[in-house]
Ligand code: GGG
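Single chain ahead, by itself, as structure tokens, in the form predicted alone.
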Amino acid sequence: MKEYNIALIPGDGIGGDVIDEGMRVVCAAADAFGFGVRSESFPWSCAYYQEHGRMMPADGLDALRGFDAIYLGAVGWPTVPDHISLWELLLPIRKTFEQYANVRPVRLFPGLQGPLHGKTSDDINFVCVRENTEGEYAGLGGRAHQGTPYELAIQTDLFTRTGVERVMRFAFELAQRRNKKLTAATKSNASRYSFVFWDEVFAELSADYPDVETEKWHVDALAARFVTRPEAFDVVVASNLFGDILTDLGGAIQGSLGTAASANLSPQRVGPSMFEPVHGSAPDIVGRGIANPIGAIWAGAMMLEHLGEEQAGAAIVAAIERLTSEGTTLTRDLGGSASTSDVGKAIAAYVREQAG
């Protein structure tokens, strides 16, 4: 029997709660579809930082290298600056293992009511592919003359042909498997070097994928179009910063950030890929048992699909669809009164039912 070894990083706040339910469902799928799952949990978090002065130990990346996948809950806490939790944990993992394709599906599940009037689950169903290792998050820049009237800060984005081309090819190939339409986010009217280059590479690559319809939008107009015509999209490819912003907007239009999932993929399998919900640690609801675990559970489905267990991953997504369609076991953010564990248990039961 095939067995997968998963590294768990529950992180901060509600991260542990939603990852517990995600693993409940992943294990149910493993039992139902005939494979094994082993996991090891790592306490790396802002709480770990406050105790040790770092987000993870010096050999943390080496410890993760041998796992088949990483399953992350949430990282961040008000007492630790956000740039520390990002730059000392998440970005080193993404960059070290070349998780250059951040995949975030934007979907309004059946039965849920999103904030866009008249838009249904038929209208909101697309995927954003975010470049995940360079761009505006490359870390190039610095500060000088601090504390003086002449203080300055310089932040430089980095776009390499290798980085841009590989994430665009990933997006083109995803579009080929879906509805054969790819939209590129740009800002080449103002960013005359990096995004003119981005546009040029996009145009060059489109010749290699003649079956894929292409379009490009300035990111500000594209954000507006997410709200006015979400049904117009199939796959959207964006730089690191633009993708980060657009996908949070995507989470909002799908009814709740609690339902939003993401995959940080290493397509060349340089190391393990990482899967996570995108709602953050939500300090305001910690300990109340009301966090929505759907995003984490959906991320677990994406993890299984990436590992080659497509049938199990599809069963989890079908179970989520059943839960939202029935509407009787929903957390408060979706208008219900169910607890975090109620949702996890219901989805796990639905997965088992599908396997007979």
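Quantities reported herein were computed from a predicted structural model and do not represent experimental measurements. Numbers follow the displayed sequence, beginning with 1.
If you look for the form predicted in complex with glycylglycylglycine, you will not find it shown, but the lines that follow are about it.
In summary, among the residues Lys216, Arg107, Lys187, Arg94, the only one with a non-hydrogen atom within 4.5 Å of glycylglycylglycine in the predicted complex is Arg94.
This chain appears without its partner; in the predicted complex, the one residue of Ala74, Val167, Val236, Leu89 with a heavy atom within 4.5 Å of glycylglycylglycine is Ala74. Partner proximity in the predicted complex, defined as non-hydrogen atoms within 4.5 angstroms of glycylglycylglycine, places exactly one of 151 to 159, 278 to 286, 176 to 184, 198 to 206 at the interface: 278 to 286. Contact check for Phe172: every heavy atom lies farther than 4.5 Å from glycylglycylglycine in the predicted complex. Shown alone here, Glu98 lies farther than 4.5 Å from glycylglycylglycine in the predicted complex, counting heavy atoms only. In the predicted complex, no heavy atom of Glu134 sits within 4.5 Å of glycylglycylglycine. Taking a 4.5 Å heavy atom cutoff to glycylglycylglycine in the predicted complex, the one contacting residue in 236 to 250 is Asp244.
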